[in-house]
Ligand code: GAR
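Starting off, we have a lone chain in the form predicted alone, written out as structure tokens.
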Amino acid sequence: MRVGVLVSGSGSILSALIQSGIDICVVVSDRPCLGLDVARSNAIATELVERKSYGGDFDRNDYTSRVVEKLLNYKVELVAMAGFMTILGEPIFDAFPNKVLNTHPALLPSFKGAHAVEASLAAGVKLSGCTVHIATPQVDAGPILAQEAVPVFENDTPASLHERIKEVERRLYPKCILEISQGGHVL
């Protein structure tokens, strides 16, 4: 199964996907980032579909259509968001129904959104974790494929907790994608 990966940051999740042997045919980013360098250093095609606006004039569906076009050019069959920080619109879900995956640094359905780690700490939970789910137009609301808990320690900071969650994420996400690509996980 041909996998396209969407990144916005350092590429640590992307590196884990590459090391697991997933057939990644393209990495697409919404901004110049280290993730693109990770892809290039592993001889994976890259596409920058730069997001120019973060204000009210941002046309989510137009931007999403440009991302979808790049993915379709590479004959992508499964899309893996790996720290991609732009919320995408309907065109990606139309082009890849039930084939867009995401990983989230909390145990969904709790603590949805971009600040899940901080929200977990603010709520005083004793367990946080990682969730792999099918992405839907509603943020962090799609069907859950896998979860793993991570303990929250008294002296945790957002950075320390997030790093422990990322350790789980780097193992759990590739495992799910490999199962799906080998037909073992039905979407």
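When you see a residue number, it is the position in the sequence shown, counting from 1. Note that the coordinates shown come from a computational prediction; the quantities given were computed from them, not determined experimentally.
Not pictured, yet referred to below: the form predicted in complex with the named molecule.
Highlighted residues Ile13, Lys166 and Glu169: every one comes within 4.5 Å of the named molecule in the model of the complex, counting any heavy atom. The named molecule is not drawn, but in the model of the complex it has no heavy atom within 4.5 Å of Phe96.
Residue contact with the named molecule in the model of the complex: Ala80 places no heavy atom within 4.5 Å of it. Looking at Pro109, you'd find every heavy atom of it more than 4.5 angstroms from the named molecule in the model of the complex.
The partner is not shown here, but in the model of the complex the stretch 96 to 112 reaches within 4.5 angstroms of the named molecule through a heavy atom at Thr103, His104, Pro105.
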